[in-house]
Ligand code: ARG
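Taking the form predicted on its own, here's one chain by itself in structure tokens.
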């Protein structure tokens, strides 16, 4: 990784001068006209040594001149007022990095120490149709899963269905009330019954209690309700799977709350042994407050007065299940930021049982908003079903250019996915974002179609041209050439940062910048008509590597490539 290598050279110079920094950091320059990388530690050293940043910078540069590695690595090292040290790499170093990247399937990226990781995302509820609110968990979770796998971790993805909650009791009640048999019930029935009964329960406490009783008896393995449950789960799961397959989102485990119930007795015993369960108004709770808390955190409600268990209980039991079956080093949960209190509560409850294993992470995401800045809705005021969103995006793309109508259906579906996913993943997952269908459907600007078009454009050149170069030579021919090469060697640092922070947006934005550099390079240098064979071979090598990078990084963003656009 370039930054680390520059930091190592810099540290030798600082050690010679007996300068010490707790954090020595070199960053990519945001002024490519001045330098490639930059160090601003002279300001921190100035406070420690009580000298001017310029004096310290001059001393560092003199010390660097005595380092052989520095002479080989840097074309120029420059001090810029009021105390920045600017580094410009040699062509040889840039091309050495690219040659090493080209020879390796994963671009010579150093792999971290491997972990076994369970990643919990998706989280749809049985009997409820998937709508826009379910989109981010699936898309963000799938991308994080793929990045972790790419870096060598053993990753187990679990959809963790909401399949034992109140909504099941509501749907069973509705089916019985409407005399809909198990043989006759359809997915459309479920999608009608749930909102109707759920709405009535908000106004009718007695009805809500009846549905809650059905849910409790289901959890206690009432045979009649189990048959209803199995049919509801089958219909709903098949439809959820259909939509996830369309999105190219895949899970290793299709488990849910129901799978955790066999582990509750063992979990209860463990909590009792550690004296963590407390009676409170007839219910049982786990107090999770800690001395250093500035505000009181509510206890985890483990068991209601009527004996029913809740989400917190099944979430704890699910950790126990995963520990016993998969022995994870880490469990990552991806859910709406509004659930942060719930995760904080049951994480603390688990840590009272086992303070070390596994590590628990909650990764939050914001909402998908419309162009009015409010949560994305249909004209009727509801969150649109994902099927409706897919159709709307496809229509917008077809309307953007009449030639799009000539495309194959499979290619159109790939582009719909690219539009939706890149619109989401280019944004920091923790933030809300505005989903503008017309804007994100364009092949111009920061969009999925722009990335796909760039790849296909370069692929068409490479299809016509052959090259036999095994390594880039030491030449870099112009500014667009140099900027493209520098952007390419940033891949390792970018990907590692995206993985460490669990932010696919870091990778998505890097990919867009890479495509901008590629298009600028292509516009200036018409490779097909180039007569200089050596230059042409070098540039074809460069474009082959850059397109390999685009394809690999698109896979991590769960975006496929169409045959044509």
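Residue numbers count along the first chain shown, from 1. If you're wondering where the values come from, they're calculated on a predicted model, not measured in any experiment.
The same protein also exists as the form predicted together with the named molecule; that form is not shown, yet it is the one meant from here on.
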{"property": "Segment that reaches the named molecule in the predicted complex - one of 260-268, 115-123, 416-424, 213-221, heavy atoms within 4.5 Å", "result": "115-123"}
{"property": "Residue among 90, 339, 100, 399 with a heavy atom within 4.5 Å of the named molecule in the predicted complex", "result": "339"}
{"property": "The single option of 233, 134, 153, 485 touching the named molecule in the predicted complex, heavy atom within 4.5 Å", "result": "134"}
{"property": "The named molecule contact at residue 311 in the predicted complex, heavy atom, 4.5 Å", "result": "yes"}
{"property": "Residue 333: touches the named molecule in the predicted complex, heavy atom cutoff 4.5 angstroms", "result": "yes"}
{"property": "Contact test in the predicted complex: residue 162 vs the named molecule, heavy atoms, 4.5 Å", "result": "yes"}
{"property": "Distance check, residue 343 to the named molecule in the predicted complex, heavy atom within 4.5 Å", "result": "yes"}
{"property": "Stretch 315-331: residues contacting the named molecule in the predicted complex, 4.5 Å heavy atom cut-off", "result": "315"}
